[in-house]
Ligand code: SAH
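Quick heads-up: it's one chain on its own, the form predicted alone, in structure tokens.
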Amino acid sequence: MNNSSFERFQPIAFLGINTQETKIIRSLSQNLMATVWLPNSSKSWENPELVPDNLKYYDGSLSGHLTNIWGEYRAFVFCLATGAVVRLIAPLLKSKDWDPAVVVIDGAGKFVISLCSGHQGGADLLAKLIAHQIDATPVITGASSSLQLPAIDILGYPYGWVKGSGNWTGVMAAIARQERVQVIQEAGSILWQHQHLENNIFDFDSTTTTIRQALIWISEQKRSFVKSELPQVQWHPRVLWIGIGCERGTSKELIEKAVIATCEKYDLAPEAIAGIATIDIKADEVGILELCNCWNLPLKTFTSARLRQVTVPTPSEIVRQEVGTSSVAEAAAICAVEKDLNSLIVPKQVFKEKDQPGGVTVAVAKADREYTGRTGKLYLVGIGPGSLAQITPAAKVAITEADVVIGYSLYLDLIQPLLRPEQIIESFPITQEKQRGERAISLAEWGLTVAVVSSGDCGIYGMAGLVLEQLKIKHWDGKTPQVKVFPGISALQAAASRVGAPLMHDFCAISLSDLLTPWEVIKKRLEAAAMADFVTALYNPRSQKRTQQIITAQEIFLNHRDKNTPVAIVRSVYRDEEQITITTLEKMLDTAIDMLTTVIIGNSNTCNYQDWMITPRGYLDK
């Protein structure tokens, strides 16, 4: 199955020369929906019947071929010497605003290097994702990465912000020197402000007298920078909704002029426009549709009945008689931001031109939350027992790619090496699972990619079931936000692997926590498992307040099994503080047991041999 985490880099081209390089990039490219380019001479190595669809050949030199395809791909992944790649791409580079991502994999597949367009092209992220896929080391040399600070030139992309004017090189150089940077944010999400405060060079207090070496404006307004040695840049969150009313047949050109003129008059940045709003009878208005298509803007329409409910500053009786509501532009703009009159920052402006048919009315409202223009994703991720080595490559990719990572603080600490400075990291106490799910869904519905992490497997006593239940309650359509589940090694699997093969025959898992399941129900399940001779894994066996349940569980099993039945008690499996004890059913309570412990009780055939727990499957009996 193709890995959706790489969609943002499509189309991707892989390039190599020899057979060893071909093995690396061909196996990787299949999962990344990438095209592999090889020289025609390599056809002699191939079995024509085994050539995949994504493999293509080129004639002539690699340099010439690269020149031909340079504009066709957003990312290039080379399996060549870094020096050779530098010489190949040097004549093709134009600007970091436009250059594609360039990543290099060494011939042994041990290192993945972000070579060019690390921020805006996404090479830094692509290198990390590929490294996770092939268990290699990513090599990122940018200053932001080494300082664990967000790259300011891509800061707003997850939120749909648009880059404005300014001296981006100068501001990023100041950040690289760890100089103080003034941030004036008048619009858009402030989630990013709360990250990495321990190494924060950003100054959000406009009243402070601290000397700053750079300035970042985050606003819906267009700033005219005066000449200054202080480098300044602008980000524009898309918070402006343009309400439009027009006569039938009004041209796109006139509507566009009206919008631009309104922005100029009120010092608003066209880049901050989120979308267009109007009355539903204008849903087929050619001029409006052409403008939305040209500017890549969404169109919201509202019925006259809905618009009549909105209080506006300049209602019109003539408009009411024509369309059934006294306001279109102002009322539609307010409806689009789902607020009241206070959100209207530009009252209606009327435009007509002698040489243009029709007329247009424009109003502007400001939303509290920006429009991202993205389809949100929910990644439900199992991180296994806690060691990075036990996390699947797909799960690592999902965590690193996400805009937001949500989880219990202990789990977030365990995956710290997978996180990026640009990500929003939100931790919740262990008892706030519902809040975690609600927060994740809210952010994904907004348009962000959110990874919700659980220890073990997210679908076994993890967050996957809860989040899907919460989506069901919200009447989720199954498509938006997109949901993907990434399994992890469960606690019972991890514990079993450390003590031998206790799960070789039929087994079950039972949680002793009665926070969500009545204790009487748990007791029935324990009785059933003990009577049926299941190997049984006990989750959540004992907490500080809940101490009797594990005692009762032992009593139930002693009623049905020999007192010498092997029992494994594994605490903090695969973590630094791991503790392993193999004992018996009779003596199991002599060992310390807590919420970080998994208990595995063998069946009637389970044995302990040389401190290895074995449950026969029956192969030797045949």
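Residue positions are given as counts along the sequence shown, with the first one as 1. Note that the structure is a prediction, hence the values are computed from the model and not measured.
Another form exists, predicted together with this ligand; not displayed. Remarks below refer to it.
A heavy atom within 4.5 Å of this ligand in the predicted complex is found for one listed residue only; from 117, 455, 423, 449, this is 455. Think of it this way: in the predicted complex, this ligand has a heavy atom of just one of 29, 572, 591, 584 within 4.5 Å, and the residue is 572. Contact check for residue 428: no non-hydrogen atom falls within 4.5 Å of this ligand in the predicted complex. Interface membership of residue 461, defined by any non-hydrogen atom within 4.5 Å of this ligand in the predicted complex, is confirmed. Although the partner is absent here, residue 597 sits close enough that one of its heavy atoms falls within 4.5 Å of this ligand in the predicted complex.
For the chain shown alone, residue 534 is not a contact residue for this ligand in the predicted complex, no non-hydrogen atom being within 4.5 angstroms.
Contact with this ligand, judged by heavy atoms within 4.5 Å in the predicted complex, is confined among 33-41, 551-559, 573-581, 58-66 to 573-581. In this stretch, 369-399, the one residue having a heavy atom within 4.5 Å of this ligand in the predicted complex is 385; the partner itself is omitted from this view.
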